[in-house]
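In C-alpha cells, the next block holds one chain alone, the form predicted on its own.
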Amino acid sequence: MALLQVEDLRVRYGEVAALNGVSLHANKGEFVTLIGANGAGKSTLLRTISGLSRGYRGTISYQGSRIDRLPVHNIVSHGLVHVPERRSLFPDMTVAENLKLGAYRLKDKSSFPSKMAQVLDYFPKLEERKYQLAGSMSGGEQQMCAIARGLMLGPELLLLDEPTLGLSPLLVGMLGKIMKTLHGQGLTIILVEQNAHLALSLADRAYVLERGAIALEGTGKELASSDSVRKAYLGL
C-alpha cells in the first residue's frame, strides 16, 4: 500500500481549472519529484494534499485513510508536513521560536530537545542564528529555517515546494545534499522544483505536470534521459 495515494484530483480557482484529474502515489521511503512549467499546477497539488486548498472531485489517501476532507491541523498531526513556497516564516520571531512553533503538534513533548538538536545538526548555520530574528537572515538561511521548522514535527511525509527558488548555486548544492541525507534516513519526500537537473537527480520517481495533468511519469533517470523532458526542462 502506498503511503500517499492521489486519485483523479480536480481543483478549480473560480472558473479556472488548476488540476484536471491528477493521480499519483508515493511509497514509504520514496523521493518523488514533480516538475513542470509555471502554472502547471504543482503548488496547487501540494496545497491540496496538505489541506490548504480543496478539490471538487477525487480522493487523497494517506496511510490508508482518506484525508481530503480533514482540517489542516489534523493532517499535520498524522505526520504530513508541507513546507510552502516563499518560506512563510514569522519574521519578527527568532529562529528558535520559529522552530519551536514547528513542534507545536509534537505528540511527545519530551522529545523536543532531541528534535531541536537533530535539526540543528542538519543546519549548523541555524545554530549560530538561533536567537536572531528570522526576517533579518539571508534568503538561504530563511529557507533552511523553513525546512528545519517542518522537520521539527518528525514528519513521515515531507512536501517541499520550490526550496531552492532564488538561492545561489552554492546554497542549492547544500540543500540538495540535505534532501539526499533526509531521504537516505528513510524520510518520504515529495519535491516541487523548477531546477529539473537537481530534482531528477534526487528522485526515485518523477512526474511531469502540464496544464494541471500528469503528462509523463517514470524514474528520475528515465525522465532525465527523455528527449521531451531534456528539451523542455533541462535546456538540452
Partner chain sequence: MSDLIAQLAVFGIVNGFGYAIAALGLTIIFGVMRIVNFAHGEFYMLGAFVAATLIATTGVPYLVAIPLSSVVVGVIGIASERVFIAPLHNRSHLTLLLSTLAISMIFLNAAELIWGSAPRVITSPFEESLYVIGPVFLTGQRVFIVAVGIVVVVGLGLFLKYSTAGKIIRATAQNPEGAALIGVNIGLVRSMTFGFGCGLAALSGALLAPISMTYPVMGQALAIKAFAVTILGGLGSLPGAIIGGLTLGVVEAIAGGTLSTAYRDLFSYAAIIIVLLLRPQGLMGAAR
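These numbers were taken from a predicted model, which means no experiment stands behind them. Positions refer to the first chain, counted from 1.
The same protein also has a form predicted together with its partner chain, omitted here; what follows describes it.
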Give a yes or no on whether every one of 88, 97 and 104 sits within 4.5 angstroms of its partner chain in the predicted complex by heavy atom.
yes
Report whether the minimum heavy atom distance between residue 76 and its partner chain in the predicted complex is within 4.5 Å.
yes
Taking its partner chain as it sits in the predicted complex, is residue 92 near enough to touch it, meaning that at least one heavy atom pair lies within 4.5 angstroms?
yes
If we define contact as a non-hydrogen atom of the residue within 4.5 angstroms of the partner, is residue 50 a contact of its partner chain in the predicted complex?
yes
Can residue 84 be called a contact residue for its partner chain in the predicted complex at 4.5 Å between heavy atoms?
yes
Quick one: which of 65-73, 22-30, 167-175, 187-195 gets within 4.5 Å of its partner chain in the predicted complex, going by heavy atoms?
65-73
